[in-house]
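Take a look at this single chain, the form predicted on its own, given in structure tokens.
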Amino acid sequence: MTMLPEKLLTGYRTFMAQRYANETMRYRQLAEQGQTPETLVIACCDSRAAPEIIFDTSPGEIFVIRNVANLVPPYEPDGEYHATSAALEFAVQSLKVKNIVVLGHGRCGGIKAALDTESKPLSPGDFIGKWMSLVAPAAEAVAANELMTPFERQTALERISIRYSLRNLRSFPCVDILEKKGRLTLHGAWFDISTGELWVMNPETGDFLRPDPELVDLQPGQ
């Protein structure tokens, strides 16, 4: 009987022989002293857009929340189950992160589903449909623009959803208070899977710009 898919077992053996062997002391320190990441990344669960790979981080450097379409729901202390809100609360209140990055990406399946008004639920629960209804007003407005190509609509909503999540982050009292005190900074970014380009949101204008190769400043791009 196979305990895990062979691909995963092979990957684990490589991890132990290479990365863990090279960073044994770091893993032991993290186990003994706990984690102290300075940045929370809220990303999509898409297998092609892993934050740890995109930002080339070491263990313990970033705290990651992943869900469909990297969405942050509004603050709703209603006694229901809120996985994203719970992880956000832990990162801000317990880990005391200094930065929050909402990381969107190109060709997002969740965003595509939000734009497809004729798509049928994948199950009776329609969990994806309910989740993506968070951006339904924006999706309807973008989908109605006949002058845009399907690719342009997709990219537009992917970036709008990042701004939406940033707005909802500020509806959480702990985030809003710390940001106003200068102890927490919010960022938006969008990753193009096909080219590897990272576009960063200008906090003042909301425009997405491409950093130069040295990441010194932001240069407008098309």
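The first residue of the sequence shown is number 1, and the count goes up from there. All values reported here derive from a predicted model rather than from experimental measurement.
One more form of this protein, predicted in complex with a further copy of the same chain, exists but is not displayed; see below.
J.: Just to confirm, I128 within 4.5 Å of a further copy of the same chain in the predicted complex by heavy atoms?
T.: Result yes; I128 sits at the interface with a further copy of the same chain in the predicted complex.
J.: Under a 4.5 Å heavy atom criterion, is G182 part of the interface with a further copy of the same chain in the predicted complex?
T.: No, G182 is distant from the partner.
J.: Is there a heavy atom of D176 no more than 4.5 Å from a heavy atom of a further copy of the same chain in the predicted complex?
T.: Looking in the predicted complex, residue contacts with a further copy of the same chain do not include D176, since no heavy atom lies within 4.5 Å.
J.: Can you check whether E89 is within 4.5 Å of a further copy of the same chain in the predicted complex, heavy atom basis?
T.: Yes, contact at 4.5 Å.
J.: With a further copy of the same chain taken in the predicted complex, which residues across 82-107 come within 4.5 angstroms through any non-hydrogen atom?
T.: H82, A83, T84, S85, A86, A87, E89, F90, Q93, S94, N99, V101, R107 sit within 4.5 Å of the partner.
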